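One chain follows as structure tokens, the form predicted on its own.
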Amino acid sequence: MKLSELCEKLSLTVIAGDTDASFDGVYAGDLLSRAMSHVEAENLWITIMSNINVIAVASLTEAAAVLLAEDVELVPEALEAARTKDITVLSSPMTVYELCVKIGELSL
């Protein structure tokens, strides 16, 4: 599914990057070392972590995008890094669980 389609269907806010890419698979988690070993290329990574290390892990794993749950905001240096590294960051007021359920329903 294209990120743009997901943004439209779930009313996601684009914080950085663009939504032209597609994503394939979802990883939800906040432990950076675990995400580093489990987020796969083109995955959508759902988290509540908002520091610069999130952008580094997203870049390293080649995630399609980072989706920040619960209206979490990136710290300024993370936002700058996302823009510099061309990492797409999305935001939602929904919880991680709610996002996973809704994305799962869209995939059926």
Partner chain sequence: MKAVSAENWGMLMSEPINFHFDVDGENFSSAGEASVVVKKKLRQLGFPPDVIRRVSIAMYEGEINMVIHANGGDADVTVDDDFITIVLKDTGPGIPDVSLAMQEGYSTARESIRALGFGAGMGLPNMKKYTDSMEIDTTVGVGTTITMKIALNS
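Everything numeric here is computed off the predicted structure, so don't read it as measured data. Numbering follows the first chain given and starts at 1.
A second form of this protein, the form predicted together with its partner chain, is not displayed here; the remarks below concern that form.
Q: So in the predicted complex, are D30, M49 and A56 all sitting within 4.5 Å of its partner chain, heavy atoms only?
A: The answer is yes: all three residues contact the partner (heavy atom, 4.5 Å cut-off).
Q: Tell me, out of E70, E62, E80, E73, which residue has a non-hydrogen atom within 4.5 angstroms of its partner chain in the predicted complex.
A: Checking each option against its partner chain in the predicted complex, the one that comes within 4.5 Å is E62.
Q: Evaluate K9 for contact with its partner chain in the predicted complex, applying a 4.5 angstroms cut-off between non-hydrogen atoms, and reply yes or no.
A: Close contact is absent here: in the predicted complex, K9 is far from its partner chain, nothing within 4.5 Å, heavy atoms only.
Q: Would V39 sit within 4.5 Å of its partner chain in the predicted complex, counting heavy atoms only?
A: The answer is yes: V39 has a heavy atom within 4.5 Å of its partner chain.
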